[in-house]
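One chain is shown next in structure tokens, namely the form predicted on its own.
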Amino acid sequence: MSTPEGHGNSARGGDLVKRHRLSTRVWHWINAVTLLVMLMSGLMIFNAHPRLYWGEYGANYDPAWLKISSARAGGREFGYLQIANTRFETTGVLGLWEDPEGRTQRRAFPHWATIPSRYSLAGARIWHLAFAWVLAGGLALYLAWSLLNGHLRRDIHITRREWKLAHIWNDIKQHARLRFPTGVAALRYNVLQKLSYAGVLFVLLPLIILTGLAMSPGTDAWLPLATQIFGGRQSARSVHFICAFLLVLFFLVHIVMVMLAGPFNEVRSMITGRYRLPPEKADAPEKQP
């Protein structure tokens, strides 16, 4: 995101201005594809052992804090998701579902949510590790370039005023009332956006990369600390899974906000870099494409 090119402070609601730099747009779409492939291949890898533990070790009969499986009770079979001691029935979606040929499958995640769609741990690992290089390399290049061109300082840095609870609470209320910034103010990230993007860039993505390394036995040879700081390989796997679904949550909220703010204008700005400023309240309500 950048200041409206060639407009300065003269830009007003209704103007078509430059919003996103090329580096931001390229990284955004590469990252979208990369994370989708890694999520779907990761779910296939999870299908090989659909349980999560804390600590160094974990096997079928060890207590798992999360488990997706199937069971039979009262003369019927059902799928379920169990978190700690609480069980939710998920028949048809998780644990027990039918494949396109109508055959009953007893795996955690269904065919439409995984890469490959048919069970293949080896295939999923190839997809996952190949795109892991794209994720790690892309993140490093994007952060380095954003540091050099001032994007992090200008657009992501949270000021002292924005850290005040009153400011954050006011931003929450504005979002809850669906009151979005207009005019030139729409070009600046609000504090909730900054917190979200900073959380993804500096917490979730680095954590998902580090925990991915910690799960690999080969990492013990050159970076044993990666496993140790999480308290064991199974703890790293749990954190990896949690981070993945926090990214899914971020994506869902992101899509909802794009739809509410105007999908055509928002998507156009992430493809061409051009964004039409929402009219200020004092402007005539004339709609422009």
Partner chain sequence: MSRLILSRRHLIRAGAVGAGGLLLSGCDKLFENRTFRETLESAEDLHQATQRTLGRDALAREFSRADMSPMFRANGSREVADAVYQRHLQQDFAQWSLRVDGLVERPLDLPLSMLKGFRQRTQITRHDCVEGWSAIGQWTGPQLGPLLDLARLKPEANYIVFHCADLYNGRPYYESIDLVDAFHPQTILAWAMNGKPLEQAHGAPLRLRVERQLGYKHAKFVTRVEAVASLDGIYGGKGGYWEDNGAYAWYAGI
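Treat the numbers as computed from the prediction; the structure is a model and nothing was measured. Numbering follows the first chain given and starts at 1.
Missing here is the form predicted together with the partner chain; even so, the following discussion is about that form.
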Might Ser238 be said to contact the partner chain in the predicted bound form, defining contact as any heavy atom within 4.5 Å? no
Just to confirm, Phe245 within 4.5 Å of the partner chain in the predicted bound form by heavy atoms? no
Is Trp127 close enough to the partner chain in the predicted bound form to count, meaning some heavy atom within 4.5 Å? yes
Taking the partner chain as it sits in the predicted bound form, is Thr227 in contact with it (heavy atom to heavy atom, 4.5 Å or less)? yes
Within 4.5 Å of the partner chain in the predicted bound form, do Val33, Ile115 and Leu121 each have at least one heavy atom? yes
Option touching the partner chain, based on a heavy atom within 4.5 Å in the predicted bound form, out of Gln193, Thr91, Asn149, Ser216: Ser216
Pick from 158-166, 199-207, 94-102, 127-135: which stretch has non-hydrogen atoms within 4.5 Å of the partner chain in the predicted bound form? 127-135
Residues of 56-70 having any heavy atom within 4.5 Å of the partner chain in the predicted bound form, listed in sequence order: Glu56, Tyr57, Gly58, Ala59, Asn60, Tyr61, Asp62
